[in-house]
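Given as C-alpha cells, the chain that follows is alone and in the form predicted on its own.
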Amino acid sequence: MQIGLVGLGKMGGNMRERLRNAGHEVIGYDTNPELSDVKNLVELADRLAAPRAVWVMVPAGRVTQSVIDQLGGILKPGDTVIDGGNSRWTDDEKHAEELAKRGIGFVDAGVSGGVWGLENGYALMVGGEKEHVDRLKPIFDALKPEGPYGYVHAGKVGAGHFAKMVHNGIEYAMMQAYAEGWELLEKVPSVENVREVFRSWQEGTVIRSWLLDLAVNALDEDEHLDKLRGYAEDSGEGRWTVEAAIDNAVPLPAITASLFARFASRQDDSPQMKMIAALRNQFGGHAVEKK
C-alpha cells in the first residue's frame, strides 16, 4: 500500500522504516530537508495515487492543526487523514468534521511503542468510521507487533486517542509505584543491592513487566541514578485523563497522585522522579536532565 507520512522524528522516522520493511511505499515529509522525501505537502500529495492516505505524526495542538488545515486544502474527496500524534480526543472530533465538509475521511490513531517500536512494533488504538479504518488495515497490520494483539478499532472518531490517553494515565501510575518502591529500598540500610532486587522481580513475580525490565536497564547504566536530576515532565495526557475522570465522575486516585508527583518533582530533586525520568528515557527516548 502507498501512504504519505508527515513528521519523521523519533517515532515517525522509525514508522517509515518499519512500513518500508513490510513492503509498503512511504512518501515522507519533514521540515528537516535531510529527512524528507519531498519538498512540501503539495509534492507529497502529488506523489500519492488516489484515494490518498496521509498519516500525520507531529506534535499535538497548533502544529497538528496547521498540518491538517493544509492537507484539507490539498487533498481531494475520498482521501483520508490519519492523526497518529498525541492529540486530545476532542480535537479529533473537530478535525473529522472540518475534513468531512471536503469529503476527506479522518482516523485517529493512538500509538504506543516509543523508540522500541521499529523493532517490537507499535500498539495501535484506532478511532473512526469503519470504511476508513478498514482501508488502512494493511498499514496497521505492518505497524503492530507480531501476533494477535496490539491493534484495536476502539470505536468512533476520538476513541483511539481517548484509549491512548487512558493508557498513558495507567503508565503514570505504574511508573510511580516502581519509583516509590525503589526509593524505599534505597533508603533502608539493610538492603545492600537494590538493583539486584529489582532484577530478581523480572521472573516469577506478579509485578514483572516491560517497565520493570526498563528499570533494570536504567539501573545497569547508573546503579543509584546519581547522574540524574529528580525532575520529570508530563506529556499532557495524564492531565487530560484526570480531567476526563472528573467529567465522568470516575475515581482515579492512583493516576491522579502520580500526576501530582510529577508536579512535585519540579520543586525539589526528588529521588522517585529520578526513576520516572530514567524509565521515560528508556522506553521513549525522552530527554533527561543531568546533574
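Between two forms, the rigid core is defined as the largest C-alpha subset superposing within 1.5 Å. Sequential numbering from 1, following the sequence displayed. Just so we're clear, the structure is a prediction, and the values are computed from it rather than from any experiment.
The form predicted together with a further copy of the same chain is left out here; the points below concern that form.
- Stretch 212-220 is the answer when you ask which of 67-75, 94-102, 133-141, 212-220 has residues with heavy atoms within 4.5 Å of a further copy of the same chain in the predicted bound form.
- In the predicted bound form, no residue of the candidate spot (Arg18, Ala22 and Ser87) has a heavy atom lying within 4.5 Å of a further copy of the same chain.
- Looking at Pro271, you'd find a heavy atom of it within 4.5 angstroms of a further copy of the same chain in the predicted bound form.
- Taking non-hydrogen atoms only, Leu118 never approaches a further copy of the same chain to within 4.5 angstroms in the predicted bound form.
- The shortest heavy atom separation between Asn248 and a further copy of the same chain in the predicted bound form is within 4.5 Å.
- Within 4.5 Å of any heavy atom of a further copy of the same chain in the predicted bound form lies no heavy atom of Val63.
- Shown here without a further copy of the same chain, the chain has Ala218, Leu219, Glu221, Leu225, Asp226, Lys227, Leu228, Arg229, Gly230, Tyr231, Ala232, Glu233, Arg239, Thr241, Val242, Glu243, Ala244, Ala245, Ile246, Asp247, Asn248, Ala249, Val250, Pro251, Leu252, Pro253, Ala254, Ile255 in 218-255 lying with a heavy atom within 4.5 Å of that partner in the predicted bound form.
- Comparing the forms between this form and the one not shown, the C-alpha position of Arg16 differs by less than 2 angstroms, with the core used for superposition.
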